[in-house]
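Here we start with a single chain on its own, the form predicted on its own, put down as C-alpha coordinates.
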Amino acid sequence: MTTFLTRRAALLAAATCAATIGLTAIAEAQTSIKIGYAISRTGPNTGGAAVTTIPNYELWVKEVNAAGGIKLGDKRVPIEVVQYDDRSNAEEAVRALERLINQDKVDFILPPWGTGLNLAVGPTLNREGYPHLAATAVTDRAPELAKRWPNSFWLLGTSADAAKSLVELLSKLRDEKKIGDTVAMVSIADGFGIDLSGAARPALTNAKFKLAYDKTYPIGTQDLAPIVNEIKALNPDVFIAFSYPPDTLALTEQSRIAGLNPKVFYTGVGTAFPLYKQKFGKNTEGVMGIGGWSGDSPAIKDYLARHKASAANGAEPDRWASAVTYASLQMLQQAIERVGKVDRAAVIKDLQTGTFDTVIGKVKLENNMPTRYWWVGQWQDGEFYGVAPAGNEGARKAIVPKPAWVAP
(Lines give C-alpha, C1' and ligand atoms only; values in the text may rest on other atoms or scores of the structure.)
Protein backbone atom coordinates (compact mmCIF):
# COMPACT_ATOMS: atom_id res chain seq x y z
CA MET A 1 0.00 0.00 0.00
CA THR A 2 2.81 2.37 0.91
CA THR A 3 4.60 1.61 -2.35
CA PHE A 4 1.40 2.30 -4.33
CA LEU A 5 0.80 5.67 -2.62
CA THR A 6 4.40 6.69 -3.11
CA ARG A 7 4.27 5.77 -6.76
CA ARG A 8 0.92 7.59 -7.14
CA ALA A 9 2.31 10.71 -5.47
CA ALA A 10 5.32 10.57 -7.71
CA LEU A 11 3.14 10.29 -10.79
CA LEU A 12 1.01 13.24 -9.67
CA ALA A 13 4.11 15.30 -8.98
CA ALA A 14 5.51 14.40 -12.39
CA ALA A 15 2.25 15.33 -14.08
CA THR A 16 2.12 18.67 -12.26
CA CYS A 17 5.72 19.38 -13.18
CA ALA A 18 5.06 18.45 -16.80
CA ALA A 19 2.04 20.75 -16.93
CA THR A 20 4.06 23.61 -15.47
CA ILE A 21 6.89 23.00 -17.92
CA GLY A 22 4.33 22.80 -20.73
CA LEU A 23 2.77 26.16 -19.85
CA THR A 24 6.22 27.73 -19.56
CA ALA A 25 7.17 26.29 -22.92
CA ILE A 26 4.01 27.70 -24.50
CA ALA A 27 4.74 31.13 -23.08
CA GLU A 28 8.37 30.93 -24.22
CA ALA A 29 7.32 29.79 -27.71
CA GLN A 30 5.04 32.82 -28.13
CA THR A 31 7.24 35.51 -29.67
CA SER A 32 4.46 38.03 -30.28
CA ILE A 33 0.74 38.49 -29.84
CA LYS A 34 -1.00 39.00 -33.15
CA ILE A 35 -3.95 41.36 -32.85
CA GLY A 36 -6.24 42.14 -35.77
CA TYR A 37 -9.05 44.53 -36.50
CA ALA A 38 -11.23 45.76 -39.34
CA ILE A 39 -12.06 49.44 -39.01
CA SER A 40 -13.87 52.08 -41.07
CA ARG A 41 -11.20 54.00 -42.96
CA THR A 42 -13.66 54.79 -45.76
CA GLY A 43 -17.42 55.30 -45.87
CA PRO A 44 -19.84 57.13 -43.54
CA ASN A 45 -18.35 55.67 -40.34
CA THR A 46 -14.91 57.12 -41.07
CA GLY A 47 -15.35 60.19 -38.87
CA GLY A 48 -16.30 58.22 -35.78
CA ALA A 49 -13.61 55.59 -36.27
CA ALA A 50 -10.93 58.22 -36.93
CA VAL A 51 -11.64 60.03 -33.67
CA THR A 52 -12.73 57.36 -31.22
CA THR A 53 -11.25 54.05 -32.27
CA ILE A 54 -8.15 54.21 -34.45
CA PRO A 55 -6.11 56.66 -32.31
CA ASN A 56 -6.76 54.58 -29.19
CA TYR A 57 -5.81 51.32 -30.87
CA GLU A 58 -2.60 52.93 -32.10
CA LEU A 59 -1.83 54.61 -28.76
CA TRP A 60 -2.31 51.38 -26.83
CA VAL A 61 -0.12 49.32 -29.18
CA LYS A 62 2.56 52.01 -29.10
CA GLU A 63 2.58 52.25 -25.30
CA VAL A 64 2.47 48.49 -24.73
CA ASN A 65 5.30 47.79 -27.16
CA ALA A 66 7.37 50.67 -25.75
CA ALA A 67 7.07 48.98 -22.35
CA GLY A 68 8.34 45.70 -23.81
CA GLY A 69 5.03 44.15 -24.79
CA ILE A 70 2.36 42.10 -23.04
CA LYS A 71 3.60 39.99 -20.15
CA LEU A 72 3.25 36.24 -20.66
CA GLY A 73 4.66 34.36 -17.71
CA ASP A 74 8.15 35.66 -17.04
CA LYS A 75 8.64 37.51 -20.31
CA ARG A 76 7.05 40.21 -22.44
CA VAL A 77 6.15 39.84 -26.10
CA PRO A 78 5.33 42.66 -28.55
CA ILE A 79 2.00 43.19 -30.25
CA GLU A 80 1.87 42.53 -33.98
CA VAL A 81 -1.04 44.24 -35.78
CA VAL A 82 -3.01 43.11 -38.83
CA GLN A 83 -5.75 45.47 -40.01
CA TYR A 84 -8.26 45.94 -42.81
CA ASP A 85 -10.74 48.59 -43.94
CA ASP A 86 -14.33 47.46 -43.36
CA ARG A 87 -15.54 50.32 -45.62
CA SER A 88 -18.33 51.10 -43.12
CA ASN A 89 -20.10 48.02 -44.47
CA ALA A 90 -21.43 45.13 -42.38
CA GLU A 91 -20.74 42.41 -44.95
CA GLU A 92 -17.21 43.68 -45.53
CA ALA A 93 -16.60 43.80 -41.76
CA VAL A 94 -17.63 40.15 -41.39
CA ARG A 95 -15.49 39.10 -44.38
CA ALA A 96 -12.50 40.95 -42.94
CA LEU A 97 -12.89 39.22 -39.57
CA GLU A 98 -13.09 35.84 -41.22
CA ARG A 99 -9.89 36.69 -43.06
CA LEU A 100 -8.20 37.69 -39.80
CA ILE A 101 -9.27 34.44 -38.17
CA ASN A 102 -8.74 31.91 -40.97
CA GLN A 103 -5.85 33.38 -42.97
CA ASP A 104 -3.96 35.67 -40.60
CA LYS A 105 -4.52 33.44 -37.56
CA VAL A 106 -4.68 36.39 -35.18
CA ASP A 107 -4.67 35.75 -31.45
CA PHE A 108 -7.20 38.47 -30.57
CA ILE A 109 -9.52 40.77 -32.49
CA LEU A 110 -10.44 44.35 -31.64
CA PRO A 111 -13.98 45.47 -32.52
CA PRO A 112 -15.16 47.85 -35.27
CA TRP A 113 -16.62 51.30 -34.66
CA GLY A 114 -20.34 51.80 -34.12
CA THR A 115 -23.42 49.94 -32.98
CA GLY A 116 -24.39 48.51 -36.36
CA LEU A 117 -21.03 46.94 -37.17
CA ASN A 118 -20.59 45.52 -33.66
CA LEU A 119 -23.94 43.80 -34.01
CA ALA A 120 -22.92 42.53 -37.44
CA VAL A 121 -19.63 40.93 -36.31
CA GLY A 122 -20.99 39.59 -33.02
CA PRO A 123 -22.01 36.14 -34.32
CA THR A 124 -18.63 35.56 -35.95
CA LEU A 125 -16.63 36.51 -32.85
CA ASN A 126 -18.88 34.32 -30.71
CA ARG A 127 -18.69 31.33 -33.03
CA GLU A 128 -14.90 31.53 -33.18
CA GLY A 129 -14.47 32.16 -29.43
CA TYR A 130 -12.83 35.59 -29.54
CA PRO A 131 -13.41 38.19 -26.79
CA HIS A 132 -15.65 40.98 -28.11
CA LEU A 133 -15.14 44.24 -26.21
CA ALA A 134 -17.82 46.43 -27.82
CA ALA A 135 -16.75 49.89 -26.65
CA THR A 136 -18.67 51.93 -29.26
CA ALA A 137 -22.07 50.22 -29.31
CA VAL A 138 -25.26 51.30 -27.53
CA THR A 139 -28.13 48.86 -27.82
CA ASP A 140 -31.08 47.66 -25.76
CA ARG A 141 -30.15 44.16 -26.84
CA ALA A 142 -26.92 44.31 -24.81
CA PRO A 143 -28.16 42.23 -21.81
CA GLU A 144 -29.68 39.61 -24.13
CA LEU A 145 -26.58 39.52 -26.35
CA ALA A 146 -24.28 39.18 -23.35
CA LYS A 147 -26.18 36.00 -22.44
CA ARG A 148 -26.37 34.68 -26.00
CA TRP A 149 -22.75 35.58 -26.72
CA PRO A 150 -20.93 35.25 -23.36
CA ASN A 151 -17.70 36.29 -25.08
CA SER A 152 -19.20 39.77 -25.69
CA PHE A 153 -18.91 42.78 -23.39
CA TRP A 154 -21.14 45.83 -23.98
CA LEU A 155 -19.27 48.73 -22.47
CA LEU A 156 -21.51 51.66 -23.46
CA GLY A 157 -24.72 50.20 -22.03
CA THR A 158 -28.29 50.22 -23.28
CA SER A 159 -30.49 52.64 -25.15
CA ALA A 160 -33.10 52.39 -22.41
CA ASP A 161 -30.61 53.54 -19.78
CA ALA A 162 -29.43 56.38 -22.03
CA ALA A 163 -33.01 57.54 -22.63
CA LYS A 164 -33.93 57.15 -18.96
CA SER A 165 -30.99 59.28 -17.83
CA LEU A 166 -31.74 62.00 -20.40
CA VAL A 167 -35.45 62.10 -19.54
CA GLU A 168 -34.70 62.17 -15.81
CA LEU A 169 -32.52 65.24 -16.40
CA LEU A 170 -35.22 66.89 -18.52
CA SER A 171 -37.86 66.14 -15.88
CA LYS A 172 -35.69 67.72 -13.19
CA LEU A 173 -35.19 70.82 -15.34
CA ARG A 174 -38.94 71.03 -15.93
CA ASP A 175 -39.61 70.72 -12.20
CA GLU A 176 -37.19 73.62 -11.69
CA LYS A 177 -39.21 75.65 -14.23
CA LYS A 178 -36.19 75.93 -16.50
CA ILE A 179 -37.90 74.25 -19.48
CA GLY A 180 -41.40 73.46 -20.69
CA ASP A 181 -42.65 70.13 -21.96
CA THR A 182 -42.41 70.27 -25.79
CA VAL A 183 -39.76 68.11 -27.41
CA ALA A 184 -38.61 67.75 -31.03
CA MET A 185 -36.67 64.57 -31.84
CA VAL A 186 -34.83 63.36 -34.94
CA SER A 187 -32.82 60.17 -35.39
CA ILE A 188 -30.60 58.49 -37.94
CA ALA A 189 -32.05 55.35 -39.52
CA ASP A 190 -29.19 53.12 -38.32
CA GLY A 191 -28.77 50.83 -35.31
CA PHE A 192 -27.82 53.66 -32.95
CA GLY A 193 -30.62 56.04 -33.94
CA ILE A 194 -33.27 53.34 -34.15
CA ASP A 195 -32.47 51.97 -30.70
CA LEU A 196 -32.11 55.35 -28.97
CA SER A 197 -35.24 56.90 -30.45
CA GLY A 198 -37.14 53.70 -29.76
CA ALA A 199 -36.19 53.94 -26.10
CA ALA A 200 -36.74 57.69 -25.85
CA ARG A 201 -40.33 57.73 -27.18
CA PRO A 202 -41.94 55.79 -24.33
CA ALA A 203 -39.64 57.42 -21.76
CA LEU A 204 -40.71 60.90 -22.87
CA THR A 205 -44.38 59.92 -23.06
CA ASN A 206 -44.35 58.34 -19.61
CA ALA A 207 -42.76 61.50 -18.21
CA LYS A 208 -45.61 63.56 -19.74
CA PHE A 209 -43.50 65.37 -22.32
CA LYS A 210 -45.17 66.35 -25.60
CA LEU A 211 -43.32 64.92 -28.59
CA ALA A 212 -44.13 67.66 -31.09
CA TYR A 213 -41.78 66.33 -33.80
CA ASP A 214 -40.40 62.84 -34.40
CA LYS A 215 -38.69 61.94 -37.68
CA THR A 216 -35.87 59.72 -38.91
CA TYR A 217 -33.49 60.38 -41.78
CA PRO A 218 -31.33 57.98 -43.84
CA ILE A 219 -27.64 57.53 -43.15
CA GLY A 220 -25.61 59.78 -45.44
CA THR A 221 -28.30 62.51 -45.66
CA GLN A 222 -26.60 65.69 -46.88
CA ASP A 223 -29.30 68.34 -46.54
CA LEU A 224 -30.84 68.58 -43.07
CA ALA A 225 -32.06 72.16 -43.47
CA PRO A 226 -35.70 71.15 -44.11
CA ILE A 227 -35.80 69.23 -40.83
CA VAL A 228 -34.27 72.12 -38.87
CA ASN A 229 -36.68 74.64 -40.41
CA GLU A 230 -39.69 72.47 -39.60
CA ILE A 231 -38.55 72.17 -35.98
CA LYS A 232 -37.87 75.89 -35.64
CA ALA A 233 -41.44 76.63 -36.66
CA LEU A 234 -42.63 74.52 -33.70
CA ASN A 235 -40.47 76.43 -31.16
CA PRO A 236 -39.83 73.41 -28.88
CA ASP A 237 -38.28 73.64 -25.42
CA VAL A 238 -36.01 70.68 -26.16
CA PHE A 239 -34.28 69.48 -29.32
CA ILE A 240 -32.94 65.91 -29.33
CA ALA A 241 -30.95 64.38 -32.19
CA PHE A 242 -29.78 60.77 -32.02
CA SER A 243 -27.26 61.44 -34.77
CA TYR A 244 -23.92 60.26 -36.11
CA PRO A 245 -20.92 62.62 -36.45
CA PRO A 246 -21.54 64.07 -39.95
CA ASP A 247 -25.16 64.89 -39.19
CA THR A 248 -24.36 66.07 -35.64
CA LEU A 249 -22.15 68.73 -37.21
CA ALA A 250 -24.66 69.52 -39.95
CA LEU A 251 -27.62 69.80 -37.56
CA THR A 252 -25.69 72.13 -35.27
CA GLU A 253 -24.51 74.35 -38.11
CA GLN A 254 -27.94 74.52 -39.70
CA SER A 255 -29.55 75.28 -36.33
CA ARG A 256 -27.13 78.16 -35.82
CA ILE A 257 -27.89 79.53 -39.29
CA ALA A 258 -31.65 79.14 -38.88
CA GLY A 259 -31.69 80.44 -35.32
CA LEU A 260 -33.05 77.25 -33.77
CA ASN A 261 -31.94 77.74 -30.16
CA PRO A 262 -34.13 75.81 -27.71
CA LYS A 263 -33.46 75.80 -23.98
CA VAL A 264 -31.95 72.31 -24.30
CA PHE A 265 -30.04 71.46 -27.48
CA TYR A 266 -28.89 67.81 -27.45
CA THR A 267 -27.12 66.00 -30.28
CA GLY A 268 -25.70 62.49 -30.61
CA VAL A 269 -22.37 60.94 -31.53
CA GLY A 270 -19.85 63.62 -32.41
CA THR A 271 -20.94 66.22 -29.85
CA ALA A 272 -18.14 65.02 -27.58
CA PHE A 273 -15.58 65.11 -30.41
CA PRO A 274 -12.75 67.67 -30.37
CA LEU A 275 -13.77 68.59 -33.93
CA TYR A 276 -17.08 69.84 -32.54
CA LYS A 277 -15.27 72.29 -30.27
CA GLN A 278 -12.90 73.30 -33.06
CA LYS A 279 -15.71 73.92 -35.52
CA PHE A 280 -18.16 75.75 -33.29
CA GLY A 281 -15.92 77.46 -30.75
CA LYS A 282 -17.96 79.60 -28.33
CA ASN A 283 -21.16 78.18 -29.80
CA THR A 284 -20.47 74.87 -28.05
CA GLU A 285 -21.29 76.46 -24.69
CA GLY A 286 -24.38 74.81 -23.22
CA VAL A 287 -24.75 72.20 -25.98
CA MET A 288 -25.59 68.78 -24.56
CA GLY A 289 -24.90 65.41 -26.11
CA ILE A 290 -24.52 61.74 -25.43
CA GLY A 291 -21.57 60.76 -23.28
CA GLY A 292 -19.27 62.92 -21.20
CA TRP A 293 -16.40 62.24 -18.83
CA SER A 294 -14.94 63.31 -15.50
CA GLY A 295 -12.88 66.11 -16.97
CA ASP A 296 -11.21 66.99 -13.66
CA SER A 297 -10.00 63.42 -12.97
CA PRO A 298 -6.17 63.14 -12.81
CA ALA A 299 -6.32 59.83 -14.73
CA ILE A 300 -8.39 61.43 -17.49
CA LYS A 301 -6.08 64.46 -17.65
CA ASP A 302 -3.07 62.14 -17.98
CA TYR A 303 -4.80 60.10 -20.70
CA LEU A 304 -5.69 63.31 -22.56
CA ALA A 305 -2.06 64.45 -22.50
CA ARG A 306 -0.75 61.08 -23.71
CA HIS A 307 -3.36 60.92 -26.48
CA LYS A 308 -2.44 64.40 -27.72
CA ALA A 309 1.27 63.55 -27.64
CA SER A 310 0.72 60.36 -29.66
CA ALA A 311 -1.98 61.31 -32.17
CA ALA A 312 -1.36 63.01 -35.50
CA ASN A 313 -1.31 66.80 -35.18
CA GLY A 314 -1.87 66.53 -31.43
CA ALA A 315 -5.48 65.43 -31.89
CA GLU A 316 -7.57 65.10 -28.74
CA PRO A 317 -9.84 62.13 -27.91
CA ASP A 318 -13.59 62.46 -27.77
CA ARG A 319 -15.12 62.93 -24.34
CA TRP A 320 -17.09 59.70 -24.22
CA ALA A 321 -16.24 56.47 -25.99
CA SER A 322 -12.54 57.26 -26.52
CA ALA A 323 -11.70 56.77 -22.85
CA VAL A 324 -14.00 53.70 -22.71
CA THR A 325 -12.22 52.27 -25.77
CA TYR A 326 -8.81 52.77 -24.19
CA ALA A 327 -10.10 51.28 -20.93
CA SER A 328 -11.30 48.19 -22.84
CA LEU A 329 -7.78 47.68 -24.18
CA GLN A 330 -6.34 47.96 -20.67
CA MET A 331 -8.85 45.35 -19.56
CA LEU A 332 -7.85 43.02 -22.40
CA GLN A 333 -4.16 43.40 -21.57
CA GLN A 334 -4.66 42.79 -17.86
CA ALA A 335 -6.78 39.71 -18.58
CA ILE A 336 -4.17 38.26 -20.96
CA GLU A 337 -1.38 38.90 -18.46
CA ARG A 338 -3.29 37.30 -15.59
CA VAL A 339 -3.96 34.22 -17.74
CA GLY A 340 -0.30 34.23 -18.80
CA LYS A 341 -0.80 32.81 -22.27
CA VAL A 342 -2.93 33.11 -25.40
CA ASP A 343 -5.96 31.23 -24.12
CA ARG A 344 -9.02 33.06 -25.41
CA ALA A 345 -11.51 31.09 -23.29
CA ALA A 346 -9.56 31.86 -20.12
CA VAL A 347 -9.22 35.52 -21.09
CA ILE A 348 -13.00 35.74 -21.60
CA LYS A 349 -13.50 34.22 -18.15
CA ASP A 350 -11.16 36.76 -16.59
CA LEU A 351 -12.96 39.62 -18.32
CA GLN A 352 -16.25 38.30 -16.92
CA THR A 353 -15.02 38.04 -13.34
CA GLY A 354 -11.98 40.27 -12.87
CA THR A 355 -11.46 43.82 -11.61
CA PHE A 356 -9.47 46.19 -13.82
CA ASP A 357 -7.56 49.42 -13.26
CA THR A 358 -8.32 51.77 -16.15
CA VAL A 359 -8.33 55.42 -17.19
CA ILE A 360 -12.04 55.60 -16.27
CA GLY A 361 -11.41 54.11 -12.83
CA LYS A 362 -11.80 50.60 -11.47
CA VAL A 363 -14.06 48.47 -13.64
CA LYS A 364 -15.78 45.25 -12.61
CA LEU A 365 -18.40 43.98 -15.00
CA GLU A 366 -21.75 42.54 -14.00
CA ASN A 367 -23.32 40.27 -16.61
CA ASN A 368 -20.65 41.44 -19.07
CA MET A 369 -21.57 45.12 -18.66
CA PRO A 370 -20.25 48.01 -16.52
CA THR A 371 -22.36 49.40 -13.70
CA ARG A 372 -21.62 53.11 -14.25
CA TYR A 373 -21.97 55.24 -17.39
CA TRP A 374 -22.02 58.85 -18.52
CA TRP A 375 -25.19 59.39 -20.53
CA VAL A 376 -25.44 63.18 -20.85
CA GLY A 377 -22.55 65.58 -21.22
CA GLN A 378 -22.46 69.32 -21.78
CA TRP A 379 -19.88 71.74 -23.13
CA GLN A 380 -18.94 74.12 -20.33
CA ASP A 381 -15.99 76.50 -20.59
CA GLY A 382 -14.35 74.49 -23.37
CA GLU A 383 -14.69 71.03 -21.77
CA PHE A 384 -17.38 68.38 -22.25
CA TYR A 385 -18.28 67.39 -18.70
CA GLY A 386 -20.63 64.63 -17.67
CA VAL A 387 -23.86 66.04 -16.22
CA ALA A 388 -25.99 62.90 -15.92
CA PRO A 389 -26.42 60.67 -14.08
CA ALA A 390 -26.01 63.36 -11.42
CA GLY A 391 -24.81 60.76 -8.89
CA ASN A 392 -21.64 59.97 -10.84
CA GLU A 393 -18.42 61.21 -9.32
CA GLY A 394 -17.38 64.43 -11.06
CA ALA A 395 -20.85 65.27 -12.41
CA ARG A 396 -21.40 68.96 -13.23
CA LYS A 397 -24.64 70.90 -12.90
CA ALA A 398 -26.30 71.48 -16.27
CA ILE A 399 -26.36 75.01 -17.70
CA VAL A 400 -29.95 75.75 -18.81
CA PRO A 401 -31.15 77.56 -20.82
CA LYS A 402 -28.50 77.14 -23.47
CA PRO A 403 -26.88 80.50 -24.34
CA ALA A 404 -27.82 82.11 -27.66
CA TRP A 405 -25.81 81.32 -30.76
CA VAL A 406 -23.16 83.91 -31.53
CA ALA A 407 -21.72 84.99 -34.86
CA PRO A 408 -18.76 82.78 -35.84
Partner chain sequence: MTNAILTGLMLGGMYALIAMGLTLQYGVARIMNLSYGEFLIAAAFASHWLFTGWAVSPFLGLAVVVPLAFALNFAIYKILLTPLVRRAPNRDALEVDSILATFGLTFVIQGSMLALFGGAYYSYSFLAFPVQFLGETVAANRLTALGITILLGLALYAALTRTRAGTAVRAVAVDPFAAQLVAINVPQASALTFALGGALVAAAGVLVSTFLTFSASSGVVFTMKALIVVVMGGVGNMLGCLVAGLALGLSEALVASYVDPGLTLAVNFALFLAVLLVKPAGLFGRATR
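Quick caveat: nothing in here was measured; it's all calculated off a predicted structure. The term rigid core refers to the most C-alpha atoms you can superpose between the two forms while keeping them within 1.5 Å. Positions refer to the first chain, counted from 1.
If you look for the form predicted in complex with the partner chain, you will not find it shown, but the lines that follow are about it.
- Contact check for residue 53: no non-hydrogen atom falls within 4.5 Å of the partner chain in the predicted bound form.
- Taking the partner from elsewhere, residue 229 is found to have a heavy atom lying within 4.5 Å of the partner chain in the predicted bound form.
- Residue 222 belongs to the set of residues with a heavy atom inside 4.5 Å of the partner chain in the predicted bound form.
- The shortest heavy atom separation between residue 408 and the partner chain in the predicted bound form is within 4.5 Å.
- Among the residues 263, 215, 282, 71, the one placing a heavy atom within 4.5 Å of the partner chain in the predicted bound form is 215.
- Only one of 246, 116, 122, 295 lies close to the partner chain in the predicted bound form, with a heavy atom inside 4.5 Å, and it is 246.
- Only one segment in the set 367 to 375, 36 to 44, 339 to 347, 353 to 361 has any non-hydrogen atom within 4.5 angstroms of the partner chain in the predicted bound form, and it is 36 to 44.
- If you take 259 to 297 and check each residue for a heavy atom within 4.5 Å of the partner chain in the predicted bound form, you get 273, 275, 279, in sequence order.
- After superposition on the rigid core, the Cα of residue 232 moves by 2 Å or more between the shown form and the other one.
- Superposed on the core, the two forms differ at residue 187: its CA moves 2 Å or more between the shown form and the other one.
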